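Single chain ahead, by itself, as structure tokens, in the form predicted alone.
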Amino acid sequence: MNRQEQIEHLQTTKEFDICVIGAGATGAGIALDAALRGLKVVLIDKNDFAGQTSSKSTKLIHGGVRYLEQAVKKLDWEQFKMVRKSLRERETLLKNAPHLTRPLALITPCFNFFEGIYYTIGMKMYEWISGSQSIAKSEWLSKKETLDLIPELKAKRLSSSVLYYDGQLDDARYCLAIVQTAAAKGAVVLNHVQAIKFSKNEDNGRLKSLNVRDLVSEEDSVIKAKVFINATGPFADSIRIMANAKLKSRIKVSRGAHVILPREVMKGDTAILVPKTDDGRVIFMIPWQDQVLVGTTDEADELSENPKLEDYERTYLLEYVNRYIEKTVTLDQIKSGFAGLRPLLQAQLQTAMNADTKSIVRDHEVEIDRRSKLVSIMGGKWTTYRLMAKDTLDTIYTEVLKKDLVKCTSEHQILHGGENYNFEDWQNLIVQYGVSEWTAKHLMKKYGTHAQKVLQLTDNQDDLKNLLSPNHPFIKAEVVYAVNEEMAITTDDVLERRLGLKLRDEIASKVAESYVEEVLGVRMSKI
């Protein structure tokens, strides 16, 4: 993707069928779905692609074990339907981007016989709901079998465990792959472009155009579209009120914090699910890109653009790590961490206004404002992004465009880098470019079938094979590729979302910043 070309497409298109505001997973999914249906679509975001919630998840593709438990305990059919939808989408996400996803084995430690029975029944139900999309069978493991998988577990009180399977994804790059695929199918995609003000038809108040500002060039322009879609997640209310000041807020935000620990804390490939904390939450300890990710918290928060990880959150998460891991983990071992805000859709009932965020269903709703005709997609979760996009466009066809419905085909669309993907091709990269096995495998997992394009940059610049940090497999060529081919504009675009180094190791990321700034400076000088 080339940003200047995308800007030119924006400026030369008289009117789009659809303008999508918000380039997280849902907005990107809508742009791809719309392009596949033959619509002229533009996607914009004030920040970066996946710049907010979509890059700050627990990196899981899952139905939600906790939601299933709540569905059974409360006989809540809506929660049950959400779990079923998520489990069926899980297979689609794994299949459509094989380079950015993998099946993940998880164990739930049990400390007595009755816990073993309880969680075995729950996981068998989870497996049953997924039907033919089940990844693998769940099992009730003995204490010895459990410790064979995760020898770092505390053995003293452990009775057994229940093994089950979900999926894992590289969330920021998965979102980028959706955007890249949308662009390849004809969508105009732009990051760092802010929605400023809507213009409306005087007779009926319907939206007709959107004034936007390119935050890179500081130039303003106007986007004309038949339909405007608000896919801004936690920030959805601000766009809704921009379109119609009389609308009431619908979004409640939940804060989720994570910390990253060194791999020696858990050396195997199996994750741990802590099914219930003292305050009723769920915590995961997950092998993730040569590190261990621990999260998440779940508490009501105020809306903000850059939520910071707090000291009390680090302490809280490590407390649970140390309840389950034999060797004490200390605060100074935390390599990085992040906090993100999740959009939770409030019911229109007043009783939901003060609800605990842990009890609000994370399903979604397509809202069409009667006066402005702004379409807002609200709520939801990563695993169901594609269904959210489908529901949004199906609704637009029938309720706004008044056209015959064009079928959604995104379920079968392989994403950028996943075409004819074969992980074992990392061996070809070693032969052809002389990089290490460590780096070659890393590149295949980040870029899929486009890994070779990254290494082609080193043909006449051998120094681009040099590592950004001796403790991580990232090479300098990735920075150049991110800036030239993936529309990275800021250091965080590169280090946090394109490479993911900042999320893995803040110290290593700081060391790499000067080189990233150098590459960005050269790029900006050419614009």
Ligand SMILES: Cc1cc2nc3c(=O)[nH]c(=O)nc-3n(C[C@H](O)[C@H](O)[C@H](O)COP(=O)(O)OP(=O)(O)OC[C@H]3O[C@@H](n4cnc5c(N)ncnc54)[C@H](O)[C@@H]3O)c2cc1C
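Numbering starts at 1 and follows the sequence shown. Please read all numbers here as calculations on a predicted model, not as lab measurements.
Form predicted together with this ligand: not shown, discussed below.
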item: Listed residue that, although this ligand is not shown, lies within 4.5 Å of it in the predicted complex (heavy atoms), from 478, 496, 486, 45; value: 45
item: Candidate from 252, 386, 446, 258 lying within 4.5 Å of this ligand in the predicted complex - any heavy atom; value: 258
item: This ligand in the predicted complex: contacting segment from 457-465, 488-496, 33-41, 49-57, heavy atom within 4.5 Å; value: 49-57
item: Complete contact of 99, 429 and 473 with this ligand in the predicted complex (any heavy atom, 4.5 Å); value: no
item: Residue 239, heavy atom within 4.5 angstroms of this ligand in the predicted complex; value: yes
item: Contact flag, residue 231 vs this ligand in the predicted complex, heavy atom cut 4.5 Å; value: yes
item: Any non-hydrogen atom of residue 164 within 4.5 angstroms of this ligand in the predicted complex; value: no
item: Residue 194, heavy atom within 4.5 angstroms of this ligand in the predicted complex; value: yes
item: Sequence-ordered residues of 9-34 touching this ligand in the predicted complex, heavy atom within 4.5 Å; value: 21, 22, 23, 24, 25, 26, 27
